[in-house]
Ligand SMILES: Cc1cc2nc3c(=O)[nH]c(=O)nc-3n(C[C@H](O)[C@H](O)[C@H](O)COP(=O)(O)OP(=O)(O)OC[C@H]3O[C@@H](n4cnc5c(N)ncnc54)[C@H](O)[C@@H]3O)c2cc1C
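Coming up is one lone chain in structure tokens, specifically the form predicted on its own.
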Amino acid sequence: MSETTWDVIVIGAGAVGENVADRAVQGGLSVVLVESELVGGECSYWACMPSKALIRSGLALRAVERLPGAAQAVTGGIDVPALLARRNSFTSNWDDAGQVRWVEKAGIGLERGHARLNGPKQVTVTGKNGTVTTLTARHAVVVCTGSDPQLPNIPGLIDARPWTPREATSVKEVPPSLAIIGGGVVGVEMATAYRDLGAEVTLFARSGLLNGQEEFAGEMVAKALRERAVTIVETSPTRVERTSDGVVIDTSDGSFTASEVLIATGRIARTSDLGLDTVGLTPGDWLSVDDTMLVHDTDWLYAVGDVNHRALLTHQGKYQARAAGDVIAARAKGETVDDSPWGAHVATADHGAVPQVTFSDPEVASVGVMSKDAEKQGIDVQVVDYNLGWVAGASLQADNYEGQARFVIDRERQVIVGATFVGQDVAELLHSATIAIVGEVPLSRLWHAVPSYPTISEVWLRLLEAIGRP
């Protein structure tokens, strides 16, 4: 057993852990990352990057097919081997050598192995060969272990050897058919991708699609998927069984058979084997934190990214990581901490300005508070909708463009608190809405933010016209 001491120990070397480490090192601290799998984590190898690589070719192909003049040039469908090869390039063929080089260049230490807390500011790392290293932190331990798929309690499911999102994004051969249980972002995106890859897709979504979004978003995505021959079953499976013919999924509406079944029903904290019990916390729990990412009732333990259950999105985790790395350095050096709302050392945006894109077809881009939630929060709400197909820039993107935009307005403060865009190529509209919400830009000032013509951004003007001048 060997022992080493660092200013900061970061458990988990995914995108979030890397950002915490980088900011703390830039703040003058010594930092070591501990990783049991690939440096770069879930986003790089099994989530954001490979999933979007699987989806993008199909989105581009259909965009061309909607455009007369270009559509006539399309002479075939998706080249599956080429698409999978491109996906592999984004994961570096599941080789983290490039990420390790970045860690070394950034001046960050790296320990390979499984990390467990062993009391305050102490972590033991067990390597694959059984060697044990004890790490001690002078100032902070940061948990960036992320989350795992949540498997629903369906009889027979475990024995049926279901796919998790990891198997879906790293597939080497596309199955003839795929059943997906769950109508959230992962379920919708994988239904989009696998239909493009040539699989027959059945999507089980008891409460419809994309429940966390405005209602019209899920409805528009469901309509588009059905038009592409995706079967959507709005009931829950009662039993799953793998047979010689494939995986049989029983429901109250009948039985369905597919080559594989993917579970996309949510996430659980990856903390069950982290040694939380050694510091008075419960294994398997999400780690509750304040806005500086400090775990409640501690002065040395931080939790950043999915594991704190604030906003399970890579970009939001990296945002939290920048705040955490900076505040750890500030506290270590006795500097002033700016933990007021929107201060340098807090993740205030987690509470009401979280942007998210679902890369379906149509895309769904949203930020801030949904209309139903705003009313529950006691906001005097004005909801304004506009058909994106009426915008000149959208009609140039595609014939018969179908899309919808919504602003959620706080009448009292006369600011936007939520925005949703659904349609082809709307993801790039999102950051302007995020800036408007975070900056609390008054509607009267937004009238002077002139959108260029003819672009889809002209929807901003149309929505403001629908609201009316203050």
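What you are looking at is a predicted structure, and each value in this text was computed from that prediction instead of being measured. A residue's number is simply how far along the shown sequence it sits, counting from 1.
The protein also exists as the form predicted together with the ligand; that form is not presented, and the subsequent description refers to it.
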Q. In the predicted complex, do K376, V381 and R445 all put a heavy atom within 4.5 Å of the ligand?
A. no
Q.
Considering non-hydrogen atoms and a 4.5 Å limit, which listed residue (H114, R86, R195, H139) is close to the ligand in the predicted complex?
A. H114
Q. Between the options R242, H315, R322, R331, which residue brings a heavy atom to within 4.5 Å of the ligand in the predicted complex?
A. H315
(Q) Given a 4.5 Å cut-off on heavy atoms, tell me which of 400-408, 43-51, 23-31, 437-445 is the interface stretch with the ligand in the predicted complex. (A) 43-51
**Q.** Proximity of I456 to the ligand in the predicted complex, heavy atoms at 4.5 Å
**A.** no
Q: Indicate whether L274 is a 4.5 Å heavy atom neighbour of the ligand in the predicted complex.
A: yes
Q: Look up in the predicted complex whether I9 has a non-hydrogen atom within 4.5 angstroms of the ligand, and give yes or no.
A: no
Q.
Test of understanding: in the predicted complex, would E37 fall inside 4.5 Å of the ligand by heavy atoms?
A. yes
Q) Listed by sequence position, which residues of 138-155 have a non-hydrogen atom within 4.5 angstroms of the ligand in the predicted complex? A) C144, T145, G146, S147
